[in-house]
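Here's a solo chain for you in structure tokens, the form predicted alone.
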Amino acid sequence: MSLKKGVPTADMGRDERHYSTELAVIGSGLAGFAASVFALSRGITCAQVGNTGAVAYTTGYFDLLGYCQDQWLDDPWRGLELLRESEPHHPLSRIDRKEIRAAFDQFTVALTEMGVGYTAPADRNHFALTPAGTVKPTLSVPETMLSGIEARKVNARTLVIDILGLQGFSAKEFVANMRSSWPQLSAAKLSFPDMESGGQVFPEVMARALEVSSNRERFAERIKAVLGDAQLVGMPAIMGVHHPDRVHAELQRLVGVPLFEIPTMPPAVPGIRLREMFEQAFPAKGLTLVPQQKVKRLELEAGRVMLYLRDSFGEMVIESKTAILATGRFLSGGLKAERVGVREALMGIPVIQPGSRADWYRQDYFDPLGHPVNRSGVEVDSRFRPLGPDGEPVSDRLFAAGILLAHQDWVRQRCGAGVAIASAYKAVEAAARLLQEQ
């Protein structure tokens, strides 16, 4: 896939294409995209390179901090104080509360402006709905999911529907697991227009189909046929890939009651929405985007960072004044687990990790303390620069962000988006300071 946008040099006519920028973001997960949002808002010329990333595997919820000191958190901001007391090296413990709030505010506003509406971060966590019929604490949710969270609080009469042939989501399971806290739930199954055979159907296919007005009208009629006296309707997250708020509003108008989405098992539509929105909106804002590619080599030189990669058109070089490493952990390939230990995949930066493989896991899989290997990652200084073997920054021009960072167990602590967004904010801030000084 070819480069989108950019500032080519005279080398463009040769086999090797050469691009120049002020900041290169390496990684296309949530931290990478957040870094690009913050860089563009500061007027920094920016290039982003990354493979598919893990965004498509998210529920769309943005967790700040949901679990700390063996308790679920209603107030994540108070949770940050507890975290600083118990885990001072955690990435979130090293960022000022005001900066974390500013990062979330700026990021969610940017997403809403780009076409996927998100709730403004507030003082309390939402207890958001999961596909299994449980709840999880999270700070910000897509607007298409908010009414379901509110309906549970007041025990509203609610119908949950699922689709014939859809795997990974069951309305009956959702209702059975949720009924103790939400008694006025009921379930129904219906078929999606033109997909009535009973064969497997996929959320992404249905979401794209609902972007067509005639399909919305037909689907709304099927919902109305099973509506009964329900005050709201919950459904799998299939309300369009592009402009979901528009699809949501139109479906609500057609059905006549509020509708809300519930995430399905990944890869899920809310994550696909984010990925496609970023890939479409960023080049229009001036970002140099190299999607679905990985940096093969990164070299730190005097006054610049050189990124080497290759796509279907041949060799490519991006010359940048600064760079942010946001390559994720094991799923995204930022970290590699090998027999001799865990290593950082691109540059071999030292990784904070247990002393031996025997110490990676505890005996009990469900140990409440979690597993030590899940806190592996790259150590950074106060300016979020990765540290080398001597404890000094690898380079003044290289920064790191996201779950690549050490000292956090993002799954167990429900803080993945918090670490990604807040650390990206700090990394961009530090890069901007360096660019300004020069």
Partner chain sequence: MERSLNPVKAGGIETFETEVLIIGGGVTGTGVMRDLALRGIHCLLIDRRDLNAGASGGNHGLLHSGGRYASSDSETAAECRQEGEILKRVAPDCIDDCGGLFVAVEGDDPGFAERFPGYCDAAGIDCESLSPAEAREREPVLSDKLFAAYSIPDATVDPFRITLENVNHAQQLTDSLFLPHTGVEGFEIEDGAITGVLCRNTKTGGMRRILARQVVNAAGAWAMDVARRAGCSDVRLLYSKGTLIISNTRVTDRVINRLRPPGDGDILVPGGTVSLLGTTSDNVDDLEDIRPTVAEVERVLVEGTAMMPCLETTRFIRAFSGVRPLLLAQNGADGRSASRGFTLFDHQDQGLENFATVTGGKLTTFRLMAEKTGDLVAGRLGNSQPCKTATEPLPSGNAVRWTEPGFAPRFWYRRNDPTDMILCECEMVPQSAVDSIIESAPGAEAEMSLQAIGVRSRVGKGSCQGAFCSIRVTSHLYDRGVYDSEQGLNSMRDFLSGRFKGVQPVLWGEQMPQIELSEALHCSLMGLDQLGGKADEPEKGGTDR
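Positions refer to the first chain, counted from 1. Predicted model, so just to flag it, every value in this text is computed and none were measured.
Omitted here: the form predicted together with its partner chain. The next part is about that form.
Contact with its partner chain in the model of the complex, judged by any heavy atom within 4.5 Å, is made by just one of R157, R310, R297, R362: R362. Between the options C46, A35, A400, I403, the residue in contact with its partner chain in the model of the complex by a heavy atom within 4.5 angstroms is I403.
In the model of the complex, no residue of the candidate spot (Q106, R216 and F282) has a heavy atom lying within 4.5 Å of its partner chain. The stretch from 240 to 248, 226 to 234, 191 to 199, 314 to 322 that comes within 4.5 Å of its partner chain in the model of the complex, counting heavy atoms only, is 191 to 199. Interface residue remark: E261 is not counted as part of the site for its partner chain in the model of the complex, having no heavy atom within 4.5 Å.
Among residues of the shown chain, R339 is one whose heavy atoms approach its partner chain to within 4.5 Å in the model of the complex. In the model of the complex, at least one heavy atom of S170 sits within 4.5 Å of a heavy atom of its partner chain. At the 4.5 Å threshold, heavy atoms of A302 stay clear of its partner chain in the model of the complex, well away from it. Contacts between stretch 174 to 191 and its partner chain, counted in the model of the complex as any heavy atom lying within 4.5 Å, involve A176, N177, R179, S180, K189, listed in sequence order.
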